[in-house]
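What follows is one chain in C-alpha cells, specifically the form predicted alone.
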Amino acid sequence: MLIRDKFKDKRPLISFEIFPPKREYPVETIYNTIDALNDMEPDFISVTYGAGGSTKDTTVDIASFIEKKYSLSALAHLTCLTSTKEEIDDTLNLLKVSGVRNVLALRGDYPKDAGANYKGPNHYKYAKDLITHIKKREDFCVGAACYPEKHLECYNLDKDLVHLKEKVDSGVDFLITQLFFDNETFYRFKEKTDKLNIDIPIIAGILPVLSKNQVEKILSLTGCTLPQKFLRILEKYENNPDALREAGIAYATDQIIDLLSWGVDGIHIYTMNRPKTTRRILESIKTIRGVLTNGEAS
C-alpha cells in the first residue's frame, strides 16, 4: 500500500527504520529483526541505503522481503549524488518489479574524504532533482527528509526551508524529520512549514539514545542540539552504561508521548536494528496509541 494512502485512513502512523547488514554479512541476518518489528504492527518499515549506494541491492532485497512476507509497506531509501540517471532508473525498475512502491528520495552523503568538492556523475545534484525524476514515472509514492534544526551543510534554517519548499513542490507526498531531542524545536519548525503552505504529512523521527558513544556520533553526523534536560541525563549517567540506556529509552518514550498528544502526523523510530528497545517504547505508549488509532476521546 502507498504510504500517502495510509494517511487518508489513519493518523498518526507509527513506523520504524532499519539498516542492511554490512557487506561481510549475509542479508538473512536482518530477517529476525524484521520478524520482531513486524509483531509490533508498524504502518511501514524503511530500509536505509548505504553511503554511495553501497547497499543498493541489499536494500531492494530487504524491502521486497518486507512487502512479500508480511504484506507490510516498505519504504526503500534511494540516493542520487553518486549515481547516474541510468543507475537510478535500474534501481527504480528493480523496486517496481519487486513490489516496492514507496521511496524515500535523498541526495545522499558525499563519499568519505570527498567533501563538497566531489565531482560525481552530476546527473542529479539535489534531492529535488531525484524527486522530479521519480514523480515522472507515476509508479511510486515519494517521501523526503526534512531538518527541524536545518541541514548540517546549510547556513541557516530559513534558507533550508526554502530548499524544503522546493522539494515539496517537486511532488513529495510526505516528509520524515531528522532526529531531534527537543520537541519544542519540532513545533517551531512545524509553524514555519505551515507559513510556507507545506501541507503534506510530516513524520517526527525519534532515536532512543543508548550510549555516550552514540551521542557523540549523532552530533558529528547531524549537528543537532542537546537540550539541558538531556545533557543532565548524560552528565548523571555517563559512567553507568546500564542507567544511561534506561534513561535514553525513557527520554525517547517521553518525547513520543508528548508528540502524540500534540497531534503529530506520525512517529518514525530509528531502531538501530534493536527490536527489544523499540518494543519497550511501543509497550509504554500502547494505550495512547490505541486511543489515537481508534479515535476515542481522551
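The first residue of the shown sequence is 1; numbering continues from there. A quick note: this is a predicted structure, and the numbers were derived from the prediction, not measured.
The same protein also exists as the form predicted in complex with flavin-adenine dinucleotide (FAD); that form is not shown, yet it is the one meant from here on.
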Quick check for you: of 223-231, 90-98, 188-196, 156-164, which stretch puts a non-hydrogen atom within 4.5 Å of flavin-adenine dinucleotide (FAD) in the predicted complex? 156-164
Students should find that, of K135, H151, K212, K85, the residue having a non-hydrogen atom no more than 4.5 angstroms from flavin-adenine dinucleotide (FAD) in the predicted complex is H151
Of the residues S73, T177, S170, N183, which one places a heavy atom within 4.5 Å of flavin-adenine dinucleotide (FAD) in the predicted complex? T177
Exercise: V142 in contact with flavin-adenine dinucleotide (FAD) in the predicted complex, heavy atom 4.5 Å: no
Could you tell me if L207 has a non-hydrogen atom within 4.5 Å of flavin-adenine dinucleotide (FAD) in the predicted complex? no
Though only this chain appears here, would Y270 touch flavin-adenine dinucleotide (FAD) in the predicted complex if you measure heavy atom gaps against 4.5 Å? yes
4.5 angstroms heavy atom contact with flavin-adenine dinucleotide (FAD) in the predicted complex for C146: yes
Need the contact residues for 80-111: heavy atom within 4.5 Å of flavin-adenine dinucleotide (FAD) in the predicted complex, sequence order, or none if there are none. L104, A105, L106, R107, G108, D109
